[in-house]
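Starting off, we have a lone chain in the form predicted on its own, written out as structure tokens.
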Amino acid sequence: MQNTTRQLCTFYLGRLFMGVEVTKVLEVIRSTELTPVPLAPDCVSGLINLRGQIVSALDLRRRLSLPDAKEGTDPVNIVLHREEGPVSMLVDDIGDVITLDDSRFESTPQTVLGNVRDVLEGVYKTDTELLLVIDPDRVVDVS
């Protein structure tokens, strides 16, 4: 039997340890200026100019109905590759790229509800903690 592995770009939202498949990540940018978008959904923090390309920035805390970060905290942009164009997720801090064996992956527990359940692919058991894996297509679907 052959084990398969998966590389994940990890990040933090408060105490939550989360990840997204590394092949979906274009780049990671520290703090950048946001231009507000009138009448946009609450989770859309604004637009960023990424080397001439306009990119929507989603506040992942608001997308998951989590409390806002402490004032004065500069979020990190994880720019995701999508066929429709790049989208940025604002997170609290970036982690490492880690490789995990798929034997450690489990589907999202039934007890996880609401917006978090809507965007999770599942959970990896690491040696020290649980890693919540998000589905980038579901995260950017704010309709």
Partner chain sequence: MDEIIQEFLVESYESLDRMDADFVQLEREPDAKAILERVFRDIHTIKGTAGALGFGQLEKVAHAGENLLDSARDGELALDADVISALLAMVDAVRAMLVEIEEHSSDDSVDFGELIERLKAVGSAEGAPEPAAEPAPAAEPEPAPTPAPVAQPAPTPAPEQAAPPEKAAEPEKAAEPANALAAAGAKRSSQVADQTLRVSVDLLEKLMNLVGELVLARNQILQHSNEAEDRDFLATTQRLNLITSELQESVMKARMQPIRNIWNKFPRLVRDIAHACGKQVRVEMEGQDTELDKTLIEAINDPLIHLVRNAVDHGIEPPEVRLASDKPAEGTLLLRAYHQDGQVNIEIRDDGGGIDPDKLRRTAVAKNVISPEQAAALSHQELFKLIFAPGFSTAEKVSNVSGRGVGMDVVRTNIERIGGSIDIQSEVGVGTTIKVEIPLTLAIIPALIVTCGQGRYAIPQVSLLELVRLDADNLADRIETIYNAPVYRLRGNLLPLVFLHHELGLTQADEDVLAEASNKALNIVVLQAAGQQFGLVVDAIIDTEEIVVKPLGQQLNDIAAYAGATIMGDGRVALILDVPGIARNADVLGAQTSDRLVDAERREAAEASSTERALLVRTPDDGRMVMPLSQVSRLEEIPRRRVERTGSSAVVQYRGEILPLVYLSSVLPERRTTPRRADTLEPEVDEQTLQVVVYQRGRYSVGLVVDQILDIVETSLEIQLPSSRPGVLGSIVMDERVTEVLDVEAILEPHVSAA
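Residue numbers count along the first chain shown, from 1. None of these values were measured; they are calculated from a predicted model.
The form predicted together with the partner chain is left out here; the points below concern that form.
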In the predicted bound form, the residue from 26, 94, 44, 100 that sits within 4.5 Å of the partner chain by heavy atoms: 44
In the predicted bound form, which of the listed residues (79, 116, 66, 48) lies with a heavy atom within 4.5 Å of the partner chain? 48
Consider residue 36 of the chain shown here, and say whether it contacts the partner chain in the predicted bound form, taking contact as heavy atoms within 4.5 Å. yes
Find out whether any non-hydrogen atom of residue 31 is located within 4.5 angstroms of the partner chain in the predicted bound form, and reply yes or no. no
Given that the partner is absent here, does residue 108 sit within 4.5 Å of the partner chain in the predicted bound form, heavy atoms only? no
Touches the partner chain in the predicted bound form: residue 112 (any heavy atom, 4.5 Å): no
In the predicted bound form, which residues of 46 to 70 put a heavy atom within 4.5 Å of the partner chain? 47, 48, 49, 51, 52, 53, 54, 56, 58
